[in-house]
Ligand SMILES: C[S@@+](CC[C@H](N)C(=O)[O-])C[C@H]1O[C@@H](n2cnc3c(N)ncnc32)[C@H](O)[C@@H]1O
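So this first bit is one chain, no partners, the form predicted on its own, shown in structure tokens.
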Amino acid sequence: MTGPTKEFWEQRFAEGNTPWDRGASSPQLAAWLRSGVLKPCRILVPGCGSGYEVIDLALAGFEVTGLDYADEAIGRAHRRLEKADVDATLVQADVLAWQPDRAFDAIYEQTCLCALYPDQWREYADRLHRWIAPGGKLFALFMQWLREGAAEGNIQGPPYHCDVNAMRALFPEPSWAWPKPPYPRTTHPAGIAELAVVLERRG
């Protein structure tokens, strides 16, 4: 398979080589919760990693499912859930093979899309559309990390740069309702940034 393998992610977590890990939830999650745009509901966190967002959402009253490819990531998230003494469902599975038993009201997408090789984005986006109930929302943080090699057509990552024009093609209207820009920009200690966009599933 082109792009990162399960073994790649297992090794990164086992070695602690996870520069994307803030050691806490993204501040944008807190902003969405404070504003009331994200209210308690049944929510999925694909690519949940160490589980920070899973825990904070569970503490805020959400029915949370965390999904990750790597056994080590699920192990980390499980240990944190036990320490925080909160309930959530954790699933170790490939997002391109897994299927939930029913649709979610919302999905928090931060680290999964940018971790997938771009050839897999179309399949993943189609799955997100199926996994969200009509009228449900995708809370997306689109990775902004444009490397110099992009000018020559190189595909560099993970994480892979999520150009907003590419995202509009991947999540097109009328299947998704897009808010008007500008979009909040969340910086990261690793020197990267994310654009925060809330999409509503139509159709």
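Everything numeric in this text was worked out from a predicted model, so none of it was measured. Numbers for residues come from their place in the sequence shown, where the first is 1.
There is another form of this protein, the form predicted together with the ligand, and it is not shown here; the text below is about that form.
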In contact with the ligand in the predicted bound form (heavy atoms, 4.5 Å), from 148-156, 34-42, 170-178, 48-56, is stretch 48-56
Would you say all of 65, 125 and 139 touch the ligand in the predicted bound form, counting a heavy atom within 4.5 Å as a touch? no
Of these, 77, 107, 88, 95, which has a heavy atom no more than 4.5 Å from the ligand in the predicted bound form? 95
With a 4.5 Å heavy atom cut-off, would you call residue 70 a contact of the ligand in the predicted bound form? yes
Contact test in the predicted bound form: residue 183 vs the ligand, heavy atoms, 4.5 Å: no
Please determine whether residue 116 contacts the ligand in the predicted bound form, using a 4.5 Å cut-off between heavy atoms. yes
